[in-house]
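What follows is one chain in structure tokens, specifically the form predicted alone.
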Amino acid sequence: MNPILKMENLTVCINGRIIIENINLVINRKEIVAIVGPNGGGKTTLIKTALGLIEPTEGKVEILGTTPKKAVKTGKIGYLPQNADIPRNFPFSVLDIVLLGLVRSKLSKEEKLEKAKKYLSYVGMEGFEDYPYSRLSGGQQQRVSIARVLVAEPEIIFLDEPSTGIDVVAQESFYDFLKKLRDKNGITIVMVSHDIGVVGKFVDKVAGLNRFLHYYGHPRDFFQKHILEKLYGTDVELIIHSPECVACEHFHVEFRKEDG
């Protein structure tokens, strides 16, 4: 056990409304954790609280052995929000985008360029340095955005819906890339995702969140009807195709509303 993020009895209220309540969560170093649940269930709030962007109403958060605000100042935390702050038609090159991750760095211009190119190569985007960012595919833009986060060399990164805008074929490649990132660089990855039937094959743990933390553990035990009903409602029926494949973590999940 080597915790990098701990939440104890965490409750967050916004405008008098409880968003997340009594959350107890420990994420260890070099883990990939997916936070899943319905829209409005508190997933993004949980991440923003870990980043110190939202103050807890009750309980406490510890990240990198200190408070979120102090941890963020170390530069060892990366964050890629759901609505990335780089418009698709941004008139900058791929290299320019990655260099944005070094705005606060005290490195020389030459050192920044060398580092930016290094991480573009690392995410498989070498040769695209002068290519217009706006002309990349959704998956390529996500890789460049990840490089922008990685260039600061964080110990933990938070990704909010990282597969948004990526087609189904590219999603598995992207998640494979995240696993390699964890294995090669030892980075802890915490991501919000709605792709519960896909991420189960790629993550170490799943956190099922809908105000309360209804499940936290290995993905193989997450896909149970009683757990999913707590998250998504009792009027939801779970359909698992090829149930014999669940044990080997190759499965597809669908939801449909029951009659009545």
Ligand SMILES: Nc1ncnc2c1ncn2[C@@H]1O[C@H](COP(=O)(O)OP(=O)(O)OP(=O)(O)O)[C@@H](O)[C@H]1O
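All values derive from a computational prediction rather than experimental measurement. Don't overthink the numbering: it's just position in the shown sequence, from 1.
What comes next is about the form predicted together with this ligand, which is not displayed.
Looking at 225 to 233, 59 to 67, 43 to 51, 23 to 31, the stretch with residues near this ligand in the model of the complex, meaning non-hydrogen atoms within 4.5 angstroms, turns out to be 43 to 51.
With a 4.5 Å cutoff on heavy atoms, E161 counts as touching this ligand in the model of the complex. At the 4.5 Å threshold, heavy atoms of G217 stay clear of this ligand in the model of the complex, well away from it.
Taking the partner from elsewhere, S137 is found to have every heavy atom lying beyond 4.5 Å of this ligand in the model of the complex. Under a 4.5 angstroms non-hydrogen atom cutoff, this ligand in the model of the complex lacks K201 among its neighbouring residues. Of all the residues from 6 to 23, those having a non-hydrogen atom no more than 4.5 Å from this ligand in the model of the complex are I14, N15, R17, I19.
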